[in-house]
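Alright, here's a single protein chain in two forms, structure 1 and structure 2, each given by itself as structure tokens.
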Structure 1
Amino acid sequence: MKRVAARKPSTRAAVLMVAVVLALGACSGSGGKKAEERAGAAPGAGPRLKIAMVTHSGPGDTFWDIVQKGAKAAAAKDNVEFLYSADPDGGKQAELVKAAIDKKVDGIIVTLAKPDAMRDALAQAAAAKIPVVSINSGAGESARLGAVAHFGQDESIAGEAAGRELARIGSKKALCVIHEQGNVGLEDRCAGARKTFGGDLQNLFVKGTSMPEVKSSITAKLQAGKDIDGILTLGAPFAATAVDAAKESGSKAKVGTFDMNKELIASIKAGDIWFAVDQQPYLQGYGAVDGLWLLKTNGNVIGGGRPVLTGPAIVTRDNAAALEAFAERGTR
């Protein structure tokens, strides 16, 4: 591309430029910097904000470690104090939201896996003029409950992608393992997969807070149904357990899953797990904190009030190696 040579400024113009620079410097030293701080427009140099994230995570779910890494990265960039709490019980999660309101935080990030349980808490946040952003679960209920934005995947569309993958790997009769009863997002995934699978897809409810019970439930189902040739789990830790259950029961069912971690990448490369539907949890945490910071400091609403999709992205043996380094550091 042809470059255009810069013209040297005339002596008079140079004098004027120096004067302008000196004038700006004088303004900065006599109040311009304070004005900038009041506006809070400079990344990492604006007013200190306090943002709380309250999720429905159960103990030991590594998915939420990745979400928190993204959130903490954005918080460090934006000069935000980041607070995290979680409870898989909808009522207790709502109480945690109310505790964040009592702390007079500047913004709250929530998951809406059980939206009805969260209704009153979000109404209290609105009354206290604390903006709320939702992530992960509850895209359909987010705006209705007063959240200004949602970061996550459309669970029905993600489920449809998983159903197509199950069909691609040759499964005809499969299980959709729901590890948390009443979670609308997980049920939407299975319903979406059923639309595109083309075979027989049965829901199997398991107690996700106890991995031994998850394994025994899947094993018993495989032993009772020798013709089951596919298993779809809805979280990475459950996929590894499903593989163990298949081996223990002598089943040749192929396992696919939602979500990723570094162990899952290794399992996909080894051929133990056939695919993963990645919703990019790091992006959900990062985007939510950054979204609230932009709202508080510049009045921006990312997505214009509509859900901001972070997935689905399909990971198979063909592309797993390309993501391995990111998964190893815990951000994919």
Structure 2
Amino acid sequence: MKRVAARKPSTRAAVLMVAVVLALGACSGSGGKKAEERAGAAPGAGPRLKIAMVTHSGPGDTFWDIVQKGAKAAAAKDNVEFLYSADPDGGKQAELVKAAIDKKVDGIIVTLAKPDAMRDALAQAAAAKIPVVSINSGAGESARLGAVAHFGQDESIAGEAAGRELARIGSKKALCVIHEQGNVGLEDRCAGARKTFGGDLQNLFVKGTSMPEVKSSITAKLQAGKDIDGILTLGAPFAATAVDAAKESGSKAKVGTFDMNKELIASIKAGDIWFAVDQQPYLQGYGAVDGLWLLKTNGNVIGGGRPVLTGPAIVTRDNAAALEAFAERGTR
């Protein structure tokens, strides 16, 4: 469902002063009027920008929560008013982008999970001279649709990393658990993993919105194929369920996963889960806001028009402890 961060449209502060970053934490993204006055009063403050992020996230997804935290941190640092909205439906996501254009924001951050649906909206943004940065999915489409930069993980490269990890932990026949049927990025991950894995990797579709369903489907698959010795899940919450399913069906399958959350780090430390391929969502949100800010205030383009890779970062038992504190506060 739509979660449009409806905020009072603030009159843009036309205070163009020396472009020095406002002292860290001096204002908050939600501070509206107050922050504006402070920006005007404090010498050396940058212009207050308004940046909208429109993603294809379903509600209640831990991953997008971390993206937003990154974006908000950068917004607070850069004196940016940050607006967030999302809709998993491509057409509705495009409408949200158009709404952002109507609000005359200074920059738009989008995900391109459904690039065709977003084409028109991005053309409108270009016509309105609003710079667009894409994050997460759509590295290949980003430049063609007019985005100035892309922050994300190349899903195929990340898949290849996961395939190598699966091979490293000694798996010969493994499952690739897809929790959202029809999502191109997830298919790419499995295809990438298949390339480097060397063994037999089968796709398994599960209904990601119902954990008991996920569990019983993985259990059923393990019962049908007793020789399956590896499971690759594509989202952190599904990894823990895969571990349960393997335990219950008496399978020796080792579990690896994409993405992270704080429960997962504990499981990796405990040895229940062997590895996580982290695309660092915090970095995607942070990078996109910072990238737009740099573009607006200094004309910089991070990555020089090429996609900036935020992953894959591999987390295993060896480095889990070092990341625990960050996962605990929900930013890793």
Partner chain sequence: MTQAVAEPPVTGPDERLGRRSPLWRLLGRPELGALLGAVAVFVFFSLVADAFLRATSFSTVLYAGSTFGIMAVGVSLLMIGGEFDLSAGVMVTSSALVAALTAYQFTLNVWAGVAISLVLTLALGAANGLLYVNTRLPSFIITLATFFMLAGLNLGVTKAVTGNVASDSVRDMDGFGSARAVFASDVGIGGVQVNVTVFWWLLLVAAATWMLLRTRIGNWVFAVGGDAAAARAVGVPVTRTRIGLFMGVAFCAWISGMHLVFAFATVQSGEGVGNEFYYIICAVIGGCLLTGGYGSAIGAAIGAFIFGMTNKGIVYAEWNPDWFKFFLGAMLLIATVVNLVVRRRVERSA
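Not measured: the values here are computed from a predicted model. For clarity, a rigid core is taken as the largest C-alpha set superposing within 1.5 Å between two forms. FYI, numbering is relative to structure 1, first residue = 1.
S.K.: I need to confirm something. Of structure 1 and structure 2, which is the form predicted together with the partner chain?
M.R.: It is the second structure (the form predicted together with the partner chain) rather than the first.
S.K.: L186 and D116: same rigid part between structures 1 and 2?
M.R.: Different rigid parts: L186 and D116 travel as separate units between structures 1 and 2.
S.K.: Degrees only, no decimals: how far does the smaller rigid part twist against the larger one between structures 1 and 2?
M.R.: Rigid-part rotation, C-alpha based: 11 degrees.
S.K.: Mind pulling the C-alpha shift for V243 between structures 1 and 2, with the rigid core superposed, in Å?
M.R.: Comparing between structures 1 and 2 after core fitting, V243 shifts 2.8 Å at its C-alpha.
S.K.: If you line up the core, how far does the Cα of S216 move between structures 1 and 2, in Å?
M.R.: A shift of 4.0 Å at the C-alpha.
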